[in-house]
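Just one chain follows, in the form predicted alone, and it is written as structure tokens.
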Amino acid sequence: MINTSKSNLVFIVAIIGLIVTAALVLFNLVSQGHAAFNGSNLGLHWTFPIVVYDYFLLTSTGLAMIASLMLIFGGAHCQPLVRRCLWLAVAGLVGGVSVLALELGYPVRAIWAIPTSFAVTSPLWWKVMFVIAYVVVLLITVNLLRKPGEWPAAARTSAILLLLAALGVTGIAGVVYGSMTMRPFWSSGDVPVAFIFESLLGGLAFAIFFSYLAHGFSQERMSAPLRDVLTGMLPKVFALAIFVHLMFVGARALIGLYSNAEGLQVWQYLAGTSLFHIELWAGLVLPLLLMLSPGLRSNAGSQTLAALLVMISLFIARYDYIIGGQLVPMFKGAWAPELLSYAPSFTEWMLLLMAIFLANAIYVWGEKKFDLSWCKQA
């Protein structure tokens, strides 16, 4: 049973927050232009809005992967989770793309100029192509499943295409960073694979947290099929995903700390920050311990806390990866420090809040409009 009063409260707060933050962002962009962003001419060009955009995009593809896999291999008991994951993927995608559009300055030009450039040797061109395909297939799949009821036959084919498109977007996003040999902190052959596991982990965390949010954080309010999924296999898969991501984070940090390669010295800086330890210990180790405990794994409070901590940890990880990769100036001279410094501007913080409010408003509207919790009772 959906907690209608809490849904209405979340929707009202999201709409008010969206109006206020969007007004502040637009005023600052009109009055300051791109100076509203704290980039640096010494080489720090991809700032906080790119962190927010990447976080929302990878979360969206992770949710789409989970929905697709459940559609292809899961049974009818996965219905409420599949439809919620698909709609969350739409909400996250809109939130992330809106931030990128405001950062670009002239987004309309990008819509036609990038595809028609035919820059086929550029990973970024392929990323845009896959994002376009991903948007189209995601909307088709959502449309096929928008009404409660049995899944249509075409949904399985659409889910296969959606899975391929989501893997393509996520993998190529990793190639964009991993192929930049001039940025040793980013460059590595395992980055595309790490991105896929990271997006799957984000998708699981969002699916668990918003399933509980929709039911007032109470398993008693859930349908029996949804409760079975959340207390059965899903928390075990969540624990495995946390463990795999933790291995990626730990291995990269250890290799970076013991390397003397130019560009990797930024690890010594990152490992000394509070954010890195929050990401590692509070955001990954603690949730992993919660999900490994048989007594806590199926508990609503433990699952909600673990999901929320992982969501925060992944955002910090994205910030450290994108910003940390640019802290070593590429072209050093006497005028450049050993490491650049960066802190998001007021406008950049407002863009993050705007994306959160926008995504939540879209999600709650879809929750009420499409009855995402519906499933066939046994």
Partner chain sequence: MAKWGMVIDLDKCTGCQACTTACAMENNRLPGENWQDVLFYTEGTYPNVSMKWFPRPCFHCENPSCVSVCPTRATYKDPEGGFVLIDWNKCIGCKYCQVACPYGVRFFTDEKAVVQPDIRDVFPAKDDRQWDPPYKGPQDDPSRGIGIQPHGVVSKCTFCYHKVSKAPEGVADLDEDIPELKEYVPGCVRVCAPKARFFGDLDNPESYVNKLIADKRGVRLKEETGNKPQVYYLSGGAAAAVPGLRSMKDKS
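Residue numbers count along the first chain shown, from 1. If you're wondering where the values come from, they're calculated on a predicted model, not measured in any experiment.
One more form of this protein should be noted, the form predicted together with the partner chain, which is absent from this view; the next part is about it.
Only one of 232, 74, 184, 216 lies close to the partner chain in the predicted complex, with a heavy atom inside 4.5 Å, and it is 184. This chain appears without its partner; in the predicted complex, the one residue of 246, 308, 240, 124 with a heavy atom within 4.5 Å of the partner chain is 124. Within 4.5 Å of any heavy atom of the partner chain in the predicted complex lies no heavy atom of residue 171. Mapping the unseen interface onto this chain, residue 263 counts among the residues with a heavy atom inside 4.5 Å of the partner chain in the predicted complex.
Taking the partner from the other structure, the partner chain in the predicted complex has no heavy atom within 4.5 Å of any heavy atom of residue 321. Heavy atoms of residue 281 never reach within 4.5 Å of the partner chain in the predicted complex, leaving it off the interface. Contact check at 4.5 Å (heavy atoms) against the partner chain in the predicted complex: all three of 120, 180 and 328 pass. The candidate stretches are 74-82, 220-228, 264-272, 194-202, and the one lying within 4.5 Å of the partner chain in the predicted complex by heavy atoms is 264-272. Using a 4.5 Å cut-off on any heavy atom, the residues of 37-51 that reach the partner chain in the predicted complex are, in sequence order, 37, 38, 39, 40, 41, 45, 46.
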